[in-house]
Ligand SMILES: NC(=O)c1ccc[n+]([C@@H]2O[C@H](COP(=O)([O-])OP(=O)(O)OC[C@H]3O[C@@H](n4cnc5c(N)ncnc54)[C@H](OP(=O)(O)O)[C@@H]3O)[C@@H](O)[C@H]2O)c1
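First, one chain by itself: the form predicted alone, in structure tokens.
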């Protein structure tokens, strides 16, 4: 295992994931950037290294709508000392449910719910006893609202909030006993 510490961020090629990578880089953290789009990840890496050339940045391209790939991602990182795992990958479909593509909705559930759950469980199993490690699951205000044009997305983000809040409660309870 490498002695260097890293922060792993899924969905790091755009949006919140990319912004998080830039902020953690500014704070001097080595990064593991994960997304489907290898070229976009390489761009994020080169942009960060242009400003912070001493950082170590790994790029991993996986499709986390596929649970076998999600599991493979996690195990491919077993030699890294990951202080913080950020489940940020996700997407929405903002249409009436009768207008949503069923296959796209299935991929959204697989990514927003199943991959997040799997990666959270694996990380907690390996890191809950390591002081200072963190798991961060990115949800959305959509998980706390009832919006008629994003029922499926809101439901997945409600799950993320409920899962994460209950996991935090469980870990606090376990630490006290």
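Positions refer to the first chain, counted from 1. Note that the coordinates shown come from a computational prediction; the quantities given were computed from them, not determined experimentally.
What follows is about the form predicted together with this ligand, which we do not show.
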Here the chain appears without its partner; judged in the predicted bound form, the stretch of 128-136, 144-152, 23-31, 55-63 with heavy atoms within 4.5 Å of this ligand is 55-63
Partner proximity in the predicted bound form: residue 15 to this ligand, non-hydrogen atom cutoff 4.5 Å: yes
Give a yes or no for residue 37: in the predicted bound form, does one of its heavy atoms lie within 4.5 Å of a heavy atom belonging to this ligand? yes
According to a 4.5 angstroms non-hydrogen atom cut-off, is residue 48 in contact with this ligand in the predicted bound form? no
Check whether residue 120 has any heavy atom within 4.5 Å of a heavy atom of this ligand in the predicted bound form, and answer yes or no. no
With this ligand taken in the predicted bound form, which residues across 107-136 come within 4.5 angstroms through any non-hydrogen atom? 111
